[in-house]
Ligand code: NDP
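We begin with a single chain expressed as structure tokens, specifically the form predicted alone.
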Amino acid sequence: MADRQLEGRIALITGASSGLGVHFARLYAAAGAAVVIGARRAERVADLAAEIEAGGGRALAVSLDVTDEASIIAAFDAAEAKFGAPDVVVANAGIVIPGRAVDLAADHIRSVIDTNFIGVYLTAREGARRMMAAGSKESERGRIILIGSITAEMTGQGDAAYASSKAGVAHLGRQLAQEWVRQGINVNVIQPGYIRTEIGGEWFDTDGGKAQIAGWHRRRLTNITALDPLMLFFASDASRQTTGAHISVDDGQSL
């Protein structure tokens, strides 16, 4: 169990209905943060919030579609009404639509970019607006964490749209870090390796997925808990002088 290093913090996490988002919500709640958990699948985040509160944590479930700016604004409004302005924002929501570049439909490309890049952009922007209004310049407590992917720095078959969207996230993190550095807001990017989650997890049970794992140096998937130390660091006071970083946590998969 995480220590209480996030006591007193308020964290808003997108894409919290499965996979990484669920894990991050539990991690932050255990570390003492009040968590606002958002996703389109409202019933799932409601169940997660109930679980966290039953365990003694503080949680609020919100219906949230990161491709809809009004939905993002409403989620932050709900967070402020319940706990106060979030001082930690985790832009985690993302989708995968695999397909070779010559075959992927234009609508599918737009869906990936809308969620994985524009959704991250809008979430971070609204978070920064709220942090500034709450006095982040003086407190220097603003923390924004963008969830990217090691595919941002790799090439492969069938993920050109996804990888390109994540490459955009990596650079967006540095752009926003520079823009908000004097506003007491730190922006950092974590690029996870391949982890078994609901999104794409079944691929690793196929012959192709097993061959992919066999091609990595350590021949294994990244454990989801490998992200925990960095997620806690970037959200805490310990990262006061860390901004503009993008760090891969992939057990050497991208080497």
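Residue positions are given as counts along the sequence shown, with the first one as 1. For clarity, every value in this text was computed on a predicted model and none was experimentally measured.
Unshown form predicted together with this ligand; subsequent notes refer to it.
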- Name the residue from 128, 95, 134, 172 that puts a heavy atom within 4.5 Å of this ligand in the predicted bound form. 95
- Candidate from 230, 199, 30, 46 lying within 4.5 Å of this ligand in the predicted bound form - any heavy atom: 199
- Is there any non-hydrogen atom of residue 64 lying within 4.5 Å of this ligand in the predicted bound form? yes
- Query: With a 4.5 Å heavy atom cut-off, would you call residue 20 a contact of this ligand in the predicted bound form?
  - Reply: yes
- Message: Even though the partner isn't displayed, in the predicted bound form is residue 40 close enough to this ligand, meaning a heavy atom within 4.5 Å?
- Response: yes
- Task: Consider residue 147 of the chain shown here, and say whether it contacts this ligand in the predicted bound form, taking contact as heavy atoms within 4.5 Å.
- Result: yes
- Of the listed stretches (101 to 109, 76 to 84, 179 to 187, 147 to 155), which one has a non-hydrogen atom within 4.5 Å of this ligand in the predicted bound form? 147 to 155
- Would this ligand be touched by all three of 141, 234 and 239 in the predicted bound form, meaning a heavy atom each within 4.5 Å? no
- Note on the structure: When this ligand is considered in the predicted bound form, the residues of 164 to 193 having a heavy atom within 4.5 Å of it are 166, 192, 193
